[in-house]
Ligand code: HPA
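What follows is a single chain, given as structure tokens, in the form predicted alone.
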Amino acid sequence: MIVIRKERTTDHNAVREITDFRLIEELRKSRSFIPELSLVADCDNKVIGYLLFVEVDIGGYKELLLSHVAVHPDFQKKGIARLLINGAHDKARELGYHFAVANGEAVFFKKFGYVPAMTYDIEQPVFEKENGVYMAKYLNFTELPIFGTPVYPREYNMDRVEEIHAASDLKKDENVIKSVKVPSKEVKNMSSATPHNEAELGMIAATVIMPGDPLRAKYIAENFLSGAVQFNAVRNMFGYTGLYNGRRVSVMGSGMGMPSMGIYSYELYNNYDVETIIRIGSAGGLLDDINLRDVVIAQAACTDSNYVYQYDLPGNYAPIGDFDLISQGVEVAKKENKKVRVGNVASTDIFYNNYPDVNKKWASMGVLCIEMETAALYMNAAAAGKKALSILTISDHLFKEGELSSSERQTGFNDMIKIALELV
């Protein structure tokens, strides 16, 4: 079993064997050293990896530098570096840091939400320019004017840096901080917005909650998130990033219909490195035992749309949600004593359908409800190799009287919203 934990004094010899970095011993004595961010990967009481973040000065503010990360040669390429870096990021957020910078391979650090530091007007120190691409990650929200060239600890001088890079060639994890350069075209693409989203890379969390109505996104940001900051207002499709129970999450409207969901979810997955999208929306009930305000988790989505044609498949395709998210959603609902239905839904392109009895046809096949976005979301997630889930609240019923008003749809879906946020 691998455990990421704080380094102990008794670990020093093991760390020295992995890294062979004399600088670490000096940094442990310096004011820049943060004991909570000196971490080891422990496998059955054996140290197999090490990571160190130290404080640097950026524009007069104390932020972080990824100083060292190394993995024992027998355990490289097994995800140990990923565990160390993710664990350190979580602890750094708890400690209140706003930015982390790192120098190395852009493609690797991009997986962790790092973007070219120039995105935030953070400049690469001169002596680092031959060692890779300078990257930065936004950890916590701030309106402080944090920009400029990081000032490294005095122990981290140029001569010592060169010595470390030379000594580390055979020791450090080959997947981390390689001394390569990225073409300027790639850097430009990594930091550009889209025609529909003005956010810079790093502003959007790995998980995005997506209501159809952008005003519902605003409602969630104002009522459920702390420290929420708006990242998009293009076409009034509002998007915000904040914290829910200390976990970073974004919320953004998708608009109505599969074409709109297709655009926004595609860009989030492919342009902003979002890993998970959870749709929360309204739906029309179809079955007799489905009632107003019932919560439905979409296991799969039938559709009358031709959205799937773009994938040039040799037959029909069944869009399905992520099994882990479905299972977790059911468990969260049970803990909250909320009843949910899990099953098939129908995603339609046609709100005012001229075809008689179309909804009865769906109901005859056990489809729980009808809506307009889930199938496109599930297909985009599958094509991108990402995760998706659709959680729906019944706002009206196709065969019963009664429906929720527009204001009730905007503010009355709290059960669904809480289930989604607990999945972050």
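Since we're looking at a predicted model, the values are computed, not measured. A residue's number is simply how far along the shown sequence it sits, counting from 1.
Not on display, but discussed next: the form predicted together with the ligand.
Screening 384, 398, 363, 34 for any heavy atom within 4.5 Å of the ligand in the predicted bound form leaves a single hit, 398.
Interface residue among 257, 153, 284, 242, judged by heavy atoms within 4.5 Å of the ligand in the predicted bound form: 284. With the ligand omitted here, the record of contacts in the predicted bound form names 344 to 352 of 91 to 99, 312 to 320, 330 to 338, 344 to 352, defined by a heavy atom within 4.5 Å. Residue 371 belongs to the set of residues with a heavy atom inside 4.5 Å of the ligand in the predicted bound form.
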